[in-house]
Structures are given as C-alpha cells and as structure tokens.
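What follows is a single chain, given as structure tokens, in the form predicted alone.
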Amino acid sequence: MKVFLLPLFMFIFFVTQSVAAELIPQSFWLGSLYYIPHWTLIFAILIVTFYDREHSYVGLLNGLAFAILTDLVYTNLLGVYFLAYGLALYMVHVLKRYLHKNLLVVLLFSVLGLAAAEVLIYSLYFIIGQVDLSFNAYLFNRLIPTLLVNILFLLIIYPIFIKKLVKWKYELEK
C-alpha cells in the first residue's frame, strides 16, 4: 500500500501546483515578476534525497512521470520538462552521495535542481524562439521569484515528510 503513497502525494502536488499561482496574488509582487511552482520537482528532490537508496531511482522515476504529465498538460513542446526534471533529479542523486542529508543540504539541492531545470527550460524555449526575453530580465523577473516560491514550499513540507520518507525507506529495507 505504501508503494502508492509517493505517487499519490506527487499527484496531489501536481494538481495543487496548477492553482498555486492563484494563491499568491499578483499585486503581492508589485511588478512584472512571474513565478512557476515546481512542487512535484521539490517533492521528487526530497524522495531522491531521503527515500532512495544508492542504486534505486524511485524519486527520479516519479519525477520523470510527472514531468511528462506536465509536458502533456501545460506545454506545447513535449519533452522539455521531462529533460529538465530528469537532469536536475539525476544531478541531485549523484550529489547526495557526497553530502550529509539535512535541511541546508536539501535547500542547496533544491536551489541547484530548480535553477538547473528552469535555466534549461528557458534555454530550450529561447533556442526554438518561443521566448524572446533577455537572460537578465529572465533572471530577475522569473528565476529568482520561482526559486523563492519553491523554497518557501520546501520549508513548509520538509518537516511534514522527512520523517515519513526515512521511515518508509527503512521499512522497505526490512
């Protein structure tokens, strides 16, 4: 039964991230700043960091499944989120071997993963001509607000899910 809990939470975050833009009013930002909630990526980073073992890829597979779902539902170019999430999650999977797992490391992983995914998505859309925003404008109007909103989400779910993920990992090993 616990096998279905991780995809269930990923699905809940997938559905709620689509309405997250409505939760924080535009007037809050006082300008033309724009943010993208990547809650499924944040939760997949938590899964990769605290649930996955050295040679398991549960977080990566869940992240890829919901990335392709994001591509299908929200974008007109298939594979962009799939590639970005896949590379970001694999990067976190490799880096977790070298650092102790705590809140600061998860914040670092999240910032690196989110920034890598966002810059890759921006770059791909820029290359094909879907976006004509300069990198400086992108950095200040979209990347930084996106990082801040997603880090706030991480800080909210971190204390809720960390003990559960570690517990489920050790139950799975028994």
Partner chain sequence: MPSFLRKRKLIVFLVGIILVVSLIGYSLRSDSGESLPAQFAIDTVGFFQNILHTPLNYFVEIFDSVGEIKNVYEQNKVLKEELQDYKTLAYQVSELETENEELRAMAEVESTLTDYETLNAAVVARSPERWFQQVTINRGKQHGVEANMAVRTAEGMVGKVINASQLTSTVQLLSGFGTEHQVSAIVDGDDSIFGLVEGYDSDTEKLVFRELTGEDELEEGQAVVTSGLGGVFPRGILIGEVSSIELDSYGLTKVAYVEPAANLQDISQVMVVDRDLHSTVIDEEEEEE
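Numbering follows the first chain given and starts at 1. From a predicted model like this one, the values you see are computed outputs, not experimental measurements.
Form predicted together with the partner chain: not shown, discussed below.
Asks: Is residue 158 near the partner chain? Define near as a heavy atom within 4.5 Å, in the predicted complex.
Replies: Residue 158 lies outside the contact set for the partner chain.
Asks: Though only this chain appears here, would residue 83 touch the partner chain in the predicted complex if you measure heavy atom gaps against 4.5 Å?
Replies: Answer yes; at least one heavy atom of residue 83 falls within 4.5 Å of the partner chain in the predicted complex.
Asks: So, residue 99 and the partner chain: in the predicted complex, are they within 4.5 Å at any heavy atom pair?
Replies: No, residue 99 is distant from the partner.
Asks: Residue 59 near the partner chain in the predicted complex, any heavy atom under 4.5 Å?
Replies: Answer no; every heavy atom of residue 59 is more than 4.5 Å from the partner chain in the predicted complex.
Asks: Under a 4.5 angstroms heavy atom criterion, identify the one residue in 65, 36, 115, 105 near the partner chain in the predicted complex.
Replies: Checked against the cut-off, the match is 36.
Asks: Heavy atoms within 4.5 Å of the partner chain in the predicted complex is the criterion; list the residues of 145-167 that meet it.
Replies: Nothing in the stretch sits within 4.5 Å of the partner.
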